[in-house]
Ligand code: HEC
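Okay, here we've got a single chain as structure tokens, the form predicted on its own, with questions on binding and movement later.
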Amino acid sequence: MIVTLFQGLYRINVMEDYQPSQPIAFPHDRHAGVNGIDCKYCHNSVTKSKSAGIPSVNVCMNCHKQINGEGKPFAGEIKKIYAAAGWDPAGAGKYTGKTKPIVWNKVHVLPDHVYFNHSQHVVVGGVDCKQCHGDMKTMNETAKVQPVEELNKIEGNVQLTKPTLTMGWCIECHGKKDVKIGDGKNAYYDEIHRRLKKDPALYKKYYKDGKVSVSELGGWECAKCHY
């Protein structure tokens, strides 16, 4: 019984397989896979904001003004988008002004005391979306927190062992993920590279394993992620 208790405690805040219902069934495999739409087209704040952002109805309408899904299984879902946008597709189509906001349910939920910045990881760190969210090009079901075992099956992903979205998962990634410095693509890391070269001994120490990890640049400091 005591063992069972502790096993249960270890599962607190482990979110793997969490998959809330959504107001509209969104097939990522059709949009990102078949149609080749880049993640950043819909989640357009991911490169410049803490949040990746939820696409506005206007973004959906950029395509679905012309694509109504008539005669297809997903026609009913597209009608929900029209209702949200206040769009009447009859004839040439027109906006009625009667809108109905879409209330999406958040999938990846972090505790309030945890700071995570998408732009820092995507732009500066060069982390691909699939490292944390899985290969969305193959997912027909609504988004969920992918188990670490599933994430490890994806080519190019850093291989991790701790449950997805836990502190151990983040720390492990910071210890394994290397940072590209001195390649001219990021001024911050270029400056670090320039300073390292001034101290041959320190430079050799950092590059003893052939790479510089996030943890070696302060990625394990508590204040990096916690307020």
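One-based numbering along the sequence shown. Keep in mind that this is a model prediction, so the values were computed, not measured.
Below: the form predicted in complex with the named molecule, not depicted.
Interface membership of residue 113, defined by any non-hydrogen atom within 4.5 Å of the named molecule in the predicted complex, is confirmed. With a 4.5 Å cutoff on heavy atoms, residue 54 counts as touching the named molecule in the predicted complex. Not displayed here, the named molecule is kept clear of residue 148 by more than 4.5 Å at the level of heavy atoms in the predicted complex. Although the partner is absent here, residue 199 is not a contact residue: none of its heavy atoms lies within 4.5 angstroms of the named molecule in the predicted complex. Using a 4.5 Å cut-off on any heavy atom, the residues of 78-117 that reach the named molecule in the predicted complex are, in sequence order, 78, 81, 104, 105, 106, 107, 108, 109, 110, 111, 113, 114, 115, 116.
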